[in-house]
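What follows is a single chain, given as structure tokens, in the form predicted on its own.
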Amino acid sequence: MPDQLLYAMEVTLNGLMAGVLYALVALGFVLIFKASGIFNYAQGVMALFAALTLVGIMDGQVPFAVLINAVFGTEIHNFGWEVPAILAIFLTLLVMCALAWCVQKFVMRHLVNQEPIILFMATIGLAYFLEGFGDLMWGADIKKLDVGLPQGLNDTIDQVTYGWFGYGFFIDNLDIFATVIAAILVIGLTIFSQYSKQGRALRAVADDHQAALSVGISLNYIWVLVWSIAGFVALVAGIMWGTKSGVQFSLSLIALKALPVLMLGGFTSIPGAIVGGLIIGVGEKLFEFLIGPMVGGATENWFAYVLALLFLVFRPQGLFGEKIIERV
């Protein structure tokens, strides 16, 4: 088999794995948009905040240590203990649920029935607030996240592909793990959205706030629920991306790569987020491999956005999104 074809096959597999990580972030966008009609610009920052909180809890870091030391002239940084990964993840999940309650209590409850652009601007403000709050709470230095996930070359795939083709494929164990987690999340969230009482209430709130209120659905409960679920998805994405590239403030920029994923898959489709992520992941890797050398490389920085632009022109609702027809 030609070497170029083997390389292309390896690039495709790695693109699928990268696409799953994009899709994990896109899932948070879809959940909130599907339930409340809000495009949550803060989803990427929520993943960053979750990862920062997880590392801080695991390392026994004192929250707001920099501020405390500056005000009182102390030199405290750590409590002197370390927290096991499983317990730290559970505590971080509680923090994200508390964050969801605060978002509903202090922001969203005051914006019921407001125009979509107002809600969108509110999430932009929330994103910048969380980024600054996370910096103040845990510090801005780059942190290493290790919760025990397998990383590095998968020896089994390497040996099997070498036996088949005489060339071993490099596939990261972390990417394989992320693929499995994403599949479980998609199945679980789809079942929850379609068949549970709470899932039907989420869709009712998205259609019409006043109508949902009139039939006894609590907007407070629904919005805390949906932001909590989005916080959980952000935590999972933060763990995967933080483990892969370190916990740093550029982590919040993964939200920008999730936008083309949403445009391809559709803003209201949970499976669409996964399919869109896979298309973006594979497409940008193959485009860089095949076309990148001809145009000077670095095509991964813009390929996804060009593809999303084409979809906006010819199919604005995405592959799986609902086509909305308004009477004027």
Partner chain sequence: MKDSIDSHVTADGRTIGGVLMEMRDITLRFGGVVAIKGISFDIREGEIRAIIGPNGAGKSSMLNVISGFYHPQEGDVFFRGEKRPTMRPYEVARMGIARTFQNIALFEGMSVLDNIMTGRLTHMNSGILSQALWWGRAQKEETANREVIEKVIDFLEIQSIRKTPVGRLPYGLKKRVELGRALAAEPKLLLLDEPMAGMNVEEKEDMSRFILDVNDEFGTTIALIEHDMGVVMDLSDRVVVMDYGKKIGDGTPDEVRNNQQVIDAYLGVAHD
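Positions refer to the first chain, counted from 1. Basically, rigid core = biggest C-alpha set you can superpose within 1.5 Å across the two forms. Here the structure is a predicted model, which is why all the values come from computation and not from measurement.
The next section is about a form of this same protein that is not shown, the form predicted in complex with its partner chain.
K.L.:
With the partner left out here, check for me: in the predicted bound form, does some heavy atom of Asn113 sit within 4.5 Å of its partner chain?
P.N.:
Answer no; every heavy atom of Asn113 is more than 4.5 Å from its partner chain in the predicted bound form.
K.L.:
Going by a heavy atom distance of 4.5 Å, is Ala211 a contact of its partner chain in the predicted bound form?
P.N.:
Although its partner chain is absent here, Ala211 would touch it in the predicted bound form, with heavy atoms inside 4.5 Å.
K.L.:
Does its partner chain come within 4.5 Å of any heavy atom of Ser196 in the predicted bound form?
P.N.:
Yes, contact at 4.5 Å.
K.L.:
Would Arg203 sit within 4.5 Å of its partner chain in the predicted bound form, counting heavy atoms only?
P.N.:
The answer is yes: Arg203 has a heavy atom within 4.5 Å of its partner chain.
K.L.:
Taking its partner chain in the predicted bound form as the reference, which of Gly80, Gly148, Gly152, Gly216 has a non-hydrogen atom within 4.5 Å?
P.N.:
Exactly one residue meets the criterion: Gly216.
K.L.:
Can you pick the stretch from 175-183, 232-240, 216-224, 157-165 whose heavy atoms fall within 4.5 Å of its partner chain in the predicted bound form?
P.N.:
Checking each option against the 4.5 Å cut-off leaves 216-224.
K.L.:
For a quick test of reading the superposition: does Ser245 move by 2 Å or more at the CA between this form and the one not shown, rigid core aligned?
P.N.:
No, the C-alpha moves less than 2 Å.
K.L.:
So with the core overlaid, does the Cα of Gln194 end up 2 Å or more away between this form and the one not shown?
P.N.:
Comparing forms between this form and the one not shown, the Gln194 CA shifts at least 2 Å.
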